[in-house]
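Coming up is one lone chain in structure tokens, specifically the form predicted alone.
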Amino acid sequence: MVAVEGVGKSFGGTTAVTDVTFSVPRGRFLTILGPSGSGKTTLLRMIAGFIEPSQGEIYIHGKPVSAVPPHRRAIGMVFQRLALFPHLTAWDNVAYPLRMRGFDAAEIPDRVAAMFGIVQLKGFEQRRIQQLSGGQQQRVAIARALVFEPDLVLLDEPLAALDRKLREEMQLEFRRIQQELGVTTINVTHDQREALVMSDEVMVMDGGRVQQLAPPAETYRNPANAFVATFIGVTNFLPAHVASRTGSALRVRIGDLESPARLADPQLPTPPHGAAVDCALRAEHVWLRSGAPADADCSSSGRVMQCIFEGDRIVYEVAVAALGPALIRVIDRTPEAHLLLAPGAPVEVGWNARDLIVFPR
């Protein structure tokens, strides 16, 4: 449906996007995830036609579109600032793109009514925008983007302005609508939960380059590099050296502690004995026990330095003397099953070899 081939963009002497290539099959949901300044919004605006690439080409339905103006591309868009017309009713906002595209006037009411049903806003058609809640306004914007059956829908951080609870509800709601209609969608966000929840694939960007393109579970469990591991989830980064290797199996030394580990990319050559590496360990993969050894491939004694209660989880910072001065962050996702450990409490921490991921330097 969409193919981006070798696309780059420079503004004066500044390069915003460098050599980006990917494709999106019909009906799939791709999220472009990255921090501010990573190039994700510039890339989306090039797909929309608001910016022309400095190099490369963008194809929709197999046809190059770099020279096609935005209004000639069959694309629906939902922006962070929803750009709804405050002087029109919700109904007229949704009908507007149909009228602008010259749809048969007799066909418009049925199309609009069907869309209000899909976004679950029946009964709200005649309300002005100011009379709708933030979530309802979001649904109107979605309906307006979809009503003319676009080839492609582009989302430019449309949920960023909503409060957390509503944002999480709308993530599930938009995913439901997208799957129901089967519309090809590209979303841009810096919210990692949104990317993991809504998408068929996640493309992580940094510095204008693609760092990883994979399904959400693959992106989370097998980050391609240290940046992806850091950006998604709560991750401990531990400097280490290769202690031994047998084929692709590794043992690393972190401070005074030796642990089995795995390479982030098994296709890469195994680092030699003594090589400096970085080890990533997600906070929820660290086992924590009070007064008893952790049942793990590697464990050591520590002491709780800080305890943060977040309702559905507890986040601990633990000092482990064997690992050196750095604190280990641990997420306990079953706080109701455990006592709240106060600062100063002695604990055992541990992890499994598969969860200690090695990145060569």
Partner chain sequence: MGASVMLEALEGIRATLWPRAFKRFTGAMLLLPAVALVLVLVAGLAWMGDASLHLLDTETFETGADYTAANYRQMGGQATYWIVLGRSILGAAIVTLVTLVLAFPYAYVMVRTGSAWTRKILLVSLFLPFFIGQVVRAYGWLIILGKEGLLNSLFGILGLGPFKMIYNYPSVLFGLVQYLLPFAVLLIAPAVTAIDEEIELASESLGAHWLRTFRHVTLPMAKPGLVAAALVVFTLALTDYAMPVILGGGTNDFIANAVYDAFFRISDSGLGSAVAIVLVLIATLLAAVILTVLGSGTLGFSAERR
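Here the structure is a predicted model, which means the values were calculated and not measured. Positions refer to the first chain, counted from 1.
Quick note: we don't show the form predicted together with the partner chain, though the next part is all about it.
Under a 4.5 angstroms non-hydrogen atom cutoff, the partner chain in the predicted complex lacks Y220 among its neighbouring residues. Contact check for R81: a non-hydrogen atom falls within 4.5 Å of the partner chain in the predicted complex. Though the partner is left out of this view, F124 does not reach within 4.5 Å of the partner chain in the predicted complex, counting heavy atoms only.
A residue is said to contact a partner when one of its heavy atoms sits within 4.5 Å of a partner heavy atom; R303 fails this definition for the partner chain in the predicted complex, lying far away. A heavy atom within 4.5 Å of the partner chain in the predicted complex is found for one listed residue only; from V210, M115, I75, A280, this is I75.
The partner is absent here, but in the predicted complex a heavy atom of M100, alone among L172, M100, A276, V234, sits within 4.5 Å of the partner chain. Partner contact region in the predicted complex: 126-134, out of 194-202, 251-259, 126-134, 175-183, criterion any non-hydrogen atom within 4.5 Å of the partner chain. Taking a 4.5 Å heavy atom cutoff to the partner chain in the predicted complex, the contacting residues in 39-53 are R45, F50.
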